[in-house]
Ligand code: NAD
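Presented below, as structure tokens, is a lone chain in the form predicted alone.
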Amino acid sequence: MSQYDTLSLFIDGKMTNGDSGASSDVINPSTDVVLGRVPHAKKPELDRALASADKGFQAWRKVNSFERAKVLRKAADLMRARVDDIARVLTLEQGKPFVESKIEILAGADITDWFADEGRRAYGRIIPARADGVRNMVIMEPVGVVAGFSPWNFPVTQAVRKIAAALAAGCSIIVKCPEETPGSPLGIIRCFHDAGLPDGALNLVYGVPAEISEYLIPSPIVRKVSFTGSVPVGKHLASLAAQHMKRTTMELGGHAPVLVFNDVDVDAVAKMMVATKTRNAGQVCVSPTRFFLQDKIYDKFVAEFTSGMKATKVGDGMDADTRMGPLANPRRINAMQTLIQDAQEKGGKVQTGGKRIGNQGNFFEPTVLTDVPDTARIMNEEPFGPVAVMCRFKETDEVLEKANRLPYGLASYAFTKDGKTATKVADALDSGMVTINHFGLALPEVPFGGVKDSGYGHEGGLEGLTVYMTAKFVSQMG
């Protein structure tokens, strides 16, 4: 609990609570116990953060990429050394099982390591000139001060993706992390600070989201915006950034289809997808939701998947036997109940789950729905919870049309042993990411991002570094 005795903002290399006295409770979603209070940044603190980031950028951009890499790698080592302490805080404030929290912290360390090395390879290029004595060069430079906005579902890795990439590129960053889960990002910020990052290169604020975004984004100091969150908020922030000609990365919501063909090992696929669906209680932007099952395996898959969901142990994330923790807040409980009730009213059937568990904490049963029509809200709105919908299909062209029906385009899954089918599906699915016969997303070295209403730009991979850089063309004679 000591972490919650010291919750603070982090500005210009120092912990601070600010001057306004504004704050909000941090609540354990498993027990409803108030863990502590997180201070909110108001305009005076945001002005200090902006000035700090501006100063930090001027210092950090002059540090060569090899020295920047050393600082980032040391930060990654500190994350690994402190993994148990930070993971405990993450589980207390967010609810996910402790083992998932440890995986998230270690993933943050791997992301930081990867960008440390990739920052050393941010090469420009020489373009052959048309005249003697002329040298045409493309020089890669950091874009400037970044405003990053990260969500509560993965409060460490989502923040680290922005922080590590921005710092590796030579940018400074003000990261606004979620008020619901402030302790674990603060633990990560301390790792970067203790690794030797210059004051001002990394600043952390909490507060009223709209107040912070509407103050930081228009500031002339901020040159780049990175947001992870819902589609409506993302569209609003993208519009605001466009008014001020700010570069943006938008990693928004999804409604991932899963295509399962007749030739698969049903037991193995169902087991894999149960684990994927219940990960972080389904509060994952790439969580599989619309399951399209070919005729011959439909009944068996539904039975196996339902059995697996029903057997999932739901409980406090600090319990070693827990396989799925609570939802993050009461709003998510209400959202699940509303979507399930709507599906039932339109003819859908609940095979398992569908209800809140108990009256303490935000626990919800892993849920499987069948016979749900396309008109139901859950077939059109991202549930962001532990609910899966089973649908039947006959032909490949038919299922591809159904999979691509929605305006979302973040992640898609497919399972088949036929190479031609796999290739056709990979080419036809209108998603930023397609993974076939396994879960192959969100590794540090691969790009993560969507199309259509799921956003644009990438985090992770080479693409996740270049969005924090500008290409300057220099043509020099003599």
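Just so it is clear, the model here is predicted, and its values are computed rather than measured. A residue's number is simply how far along the shown sequence it sits, counting from 1.
We do not show the form predicted in complex with this ligand, though everything after this point is about it.
Chemist: Which is the contacting stretch out of 185-193, 232-240, 303-311, 98-106, given heavy atoms within 4.5 Å of this ligand in the model of the complex?
Modeler: Careful reading of the contacts points to 232-240.
Chemist: Ok, R290, R279, K224, K176: which has a heavy atom sitting within 4.5 Å of this ligand in the model of the complex?
Modeler: Selected option: K176.
Chemist: Of the options T228, N362, Q351, T157, which one has a non-hydrogen atom that comes within 4.5 Å of this ligand in the model of the complex?
Modeler: The residue from T228, N362, Q351, T157 that makes the contact is T228.
Chemist: Does this ligand come within 4.5 Å of any heavy atom of E382 in the model of the complex?
Modeler: Contact with this ligand, yes.
Chemist: Though only this chain appears here, would A75 touch this ligand in the model of the complex if you measure heavy atom gaps against 4.5 Å?
Modeler: Contact check for A75: no, nothing within 4.5 Å of this ligand in the model of the complex.
Chemist: Determine whether any heavy atom of S213 comes within 4.5 Å of a heavy atom of this ligand in the model of the complex, and answer yes or no.
Modeler: Within the cut-off, so yes.
Chemist: Quick one: is Q294 in contact with this ligand in the model of the complex, heavy atoms, 4.5 Å cut-off?
Modeler: Contact with this ligand, no.
Chemist: If you look in the model of the complex, which residues in 321-338 sit within 4.5 Å of this ligand (heavy atoms)?
Modeler: Stretch hits, in order: R331, R332.
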